[in-house]
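Below, in structure tokens: the form predicted alone, a single chain.
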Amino acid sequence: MSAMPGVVAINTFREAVRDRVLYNLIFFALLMIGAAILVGQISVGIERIVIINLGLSAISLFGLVMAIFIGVGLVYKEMERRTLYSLLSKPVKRWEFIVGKYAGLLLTLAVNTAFMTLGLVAALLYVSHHFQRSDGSIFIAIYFILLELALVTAFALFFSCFSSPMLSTLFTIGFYIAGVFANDIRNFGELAHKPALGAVTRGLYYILPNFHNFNSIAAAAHGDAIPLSLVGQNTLYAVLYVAVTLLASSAVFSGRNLK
């Protein structure tokens, strides 16, 4: 098996680490978690709920910002700096380049999420001085956030293969919003009592990624148990969706004329 995707991934990770945006996002995410401590102190009796809600929301929000705004520039930046042409002149296949870029950004997001998770854990220890058994749901919710980010990164990379960064950003954000409301889109078609519209909305429901299934922030904040079956289901769903999207990205990029 070729090691080229791994080389591209490591280089992508190094570039992201040198990017000031990464440090700014970590700073603001930790700042938000720090604010959660203050809000939690004001909200007597619900400190943990407030901190977990805000902390997980910060991890999700800043992860999405990174996935979208860095992901849409992965291919464009290489073309703009003319480094893509020298890279592809070496024994690097286009699909290896795509997979490597994706893996590098995903590694960056995982490291970023790990740092923010440490901030959330520190905030919880500051307030309650101990962990509860139900806190295991927090880490499952963070895992679901990573799965969500993996999907968004794949979309951002796909759109970047054939459009400008601005259009790729709009497409990715639009796709994400549509995926968040996938259930509502299907329900709207059913309530309309129009067979044609219902068929269209059902089709969109199955095509769009259902991000609602990855949202376990409220359950984690209230200490509710998250079924292991949902963990397996979400993992399989994300892996299959990412695989199909990367295949589509590789196909589009391989057929693109880079001259």
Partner chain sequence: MIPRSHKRLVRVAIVGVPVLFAAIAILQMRIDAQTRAGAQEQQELMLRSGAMVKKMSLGYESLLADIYWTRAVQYWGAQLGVPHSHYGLLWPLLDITTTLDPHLIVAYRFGAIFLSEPNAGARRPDLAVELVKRGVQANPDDWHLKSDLGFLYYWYLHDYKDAAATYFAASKDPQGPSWLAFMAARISDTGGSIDTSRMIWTQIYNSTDNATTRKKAVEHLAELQATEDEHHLNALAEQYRRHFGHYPSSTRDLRDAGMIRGIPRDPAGFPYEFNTEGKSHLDPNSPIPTLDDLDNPKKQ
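Given the structure is predicted, the values throughout are model-derived calculations rather than measurements. Numbering follows the first chain given and starts at 1.
Although it is not shown, the form predicted together with its partner chain is what the next lines describe.
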In the predicted bound form, residue 234 touching its partner chain (heavy atom, 4.5 Å): yes
Touches its partner chain in the predicted bound form: residue 187 (any heavy atom, 4.5 Å): yes
Proximity of residue 218 to its partner chain in the predicted bound form, heavy atoms at 4.5 Å: yes
Exercise: residue 69 in contact with its partner chain in the predicted bound form, heavy atom 4.5 Å: no
Heavy atom distance at most 4.5 Å to its partner chain in the predicted bound form, all of 28, 62 and 180: no
Residues in 138-172 close to its partner chain in the predicted bound form, defined by a heavy atom within 4.5 Å, in order: none
